[in-house]
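Here's a solo chain for you in structure tokens, the form predicted alone.
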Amino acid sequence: MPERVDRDGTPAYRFLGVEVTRREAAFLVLGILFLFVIPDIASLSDSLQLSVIHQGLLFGFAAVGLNLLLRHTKLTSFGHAAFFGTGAYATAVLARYAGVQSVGLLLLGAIAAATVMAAIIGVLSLRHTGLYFALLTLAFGQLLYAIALGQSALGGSDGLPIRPGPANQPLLFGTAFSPDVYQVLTYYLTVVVILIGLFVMYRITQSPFRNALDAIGQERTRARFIGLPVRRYVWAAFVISGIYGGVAGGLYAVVRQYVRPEGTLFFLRSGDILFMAILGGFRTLVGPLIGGVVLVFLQDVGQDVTQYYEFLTGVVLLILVYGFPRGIVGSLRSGGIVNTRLSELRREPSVLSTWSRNAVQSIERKVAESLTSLRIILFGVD
């Protein structure tokens, strides 16, 4: 049963180690219910496709894992698609060459492969920090991409299908379903896995392990002086982060029933995962998940609207980044910049003119600085 506790003077409830206020509990329940009714909502609208939301959630889940590194250790990985792709290809290899049909076993294989890959890359790259760490992760990601692209056993650029057994599809609960039912059931499986993953990540971020990572992220030398095994802690965080990527990749393979190097291992996929974490709010738990859905949705809608969808997506993302400087979730939550500005606007509507004037002045200043930089680049003088 939930236990009532006091959080800084505000009544809250603790259940299974999760502590929430009434308002947070209401948002939590509504969010979970919304996730489960998305297939019904998607069936009512042609503009909202379940596959797009599903794909956004999967990449967002990989971003949740990356966020552990980004938020607490201040390490930026440019190669997180390596773990996503490892999970996806491990699933494909098990289905094609070992004839594994069970979705559960395929996901366990994806987790095992991603864990091993993250452990190896972590040992080899965590000796460095900052730019060198980022470049090493990028290099390892591209190395795996080149291997998948060049190996005929992995299908080369054509990729591999995941259609094992006489049913020609992975089996859920030992049963083959029609394509429509399979799509919905795998979506619900993804939602359950995501909820478990978020719960585990929440417990990690409430543990002494998180405090150690924060100390390491703030100052490594000081953390080492107080006795923290810095490299071991960061390696553990790196492996956990990779496992989230592997689970997401395994689910992606099970859902799509096909994997290709471009969609799973290419370096731009790593950039997408990193951007999802920042767009949603890397200082929050669910922000990367929201960022994943928003980015994949914008890319999909943009393709339907115009052939210049990348330009359109870029413009919308710029608006989001400038409008939500702490990420979508980080800016919208209580105490965030959006809520603060809305409160100011409610108290004093005339503040809108001040904001407009400041925005114009800021744009003029940025344009002047850009022109100055351009003159220096072109003519070498200010």
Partner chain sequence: MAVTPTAALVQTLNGIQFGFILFMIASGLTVILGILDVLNLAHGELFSLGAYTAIGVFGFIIGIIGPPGGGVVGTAVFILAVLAAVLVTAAILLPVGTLFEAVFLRQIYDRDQVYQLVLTFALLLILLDVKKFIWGDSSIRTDAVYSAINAIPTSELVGLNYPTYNVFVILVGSAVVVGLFWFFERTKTGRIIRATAIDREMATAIGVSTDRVFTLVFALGAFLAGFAGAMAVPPTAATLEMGTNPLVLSFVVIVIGGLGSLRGAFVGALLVGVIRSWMITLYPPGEIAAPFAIMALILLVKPEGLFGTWGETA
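We call the rigid core whatever largest set of C-alpha positions still superposes within 1.5 Å between the two forms. Positions refer to the first chain, counted from 1. Computed from a predicted model, the values in this text were never measured in an experiment.
Below, we refer to the form predicted in complex with its partner chain, which is not included among the displayed structures.
Name the residue from 266, 258, 182, 235 that puts a heavy atom within 4.5 Å of its partner chain in the model of the complex.
-> When its partner chain is considered in the model of the complex, the option within 4.5 Å is 266.
Of the residues 203, 163, 231, 222, which one places a heavy atom within 4.5 Å of its partner chain in the model of the complex?
-> Comparing distances to its partner chain in the model of the complex, the residue within 4.5 Å is 231.
If contact means any heavy atom within 4.5 Å, which of 127-135, 285-293, 239-247, 88-96 contacts its partner chain in the model of the complex?
-> Partner-contacting stretch among the options: 127-135.
Indicate whether the candidate residues 59, 73 and 194 are all in contact with its partner chain in the model of the complex, with contact defined as any heavy atom within 4.5 Å.
-> Checked in the model of the complex: no contact with its partner chain for any of the three.
Please check if residue 318 has a heavy atom lying within 4.5 Å of any heavy atom of its partner chain in the model of the complex.
-> Judged by the heavy-atom cut-off of 4.5 Å, residue 318 is in contact with its partner chain in the model of the complex.
Indicate whether its partner chain has at least one heavy atom within 4.5 Å of a heavy atom of residue 314 in the model of the complex.
-> Residue 314 belongs to the contact set for its partner chain.
Does at least one non-hydrogen atom of residue 274 fall within 4.5 angstroms of its partner chain in the model of the complex?
-> Contact check for residue 274: yes, within 4.5 Å of its partner chain in the model of the complex.
Closest heavy atom of residue 278 to its partner chain in the model of the complex, within 4.5 Å or not?
-> Residue 278 belongs to the contact set for its partner chain.
Stretch 279-312: residues contacting its partner chain in the model of the complex, 4.5 Å heavy atom cut-off | Sequence-ordered list: 282, 283, 307, 308, 309, 310, 311.
Fitting the rigid core first, would the Cα of residue 34 be found 2 Å or more away between the shown form and the other one?
-> Residue 34 C-alpha, core-superposed: shift of less than 2 Å.
Classify residue 53 as shifted (yes) or not shifted (no) between the shown form and the other one, where shifted means its C-alpha moves by 2 Å or more with the rigid core superposed.
-> Moves: no, less than 2 Å.
Taking the rigid core as the reference frame, is the Cα of residue 16 displaced by 2 Å or more between the shown form and the other one?
-> After core superposition, the displacement of the residue 16 C-alpha between the shown form and the other one stays below 2 Å, so no.
In the model of the complex, whether the C-alpha atoms of residue 134 and residue 321 sit closer or farther than here (change of 3 Å or more) = Here the pair is farther apart than in the model of the complex; there, closer.
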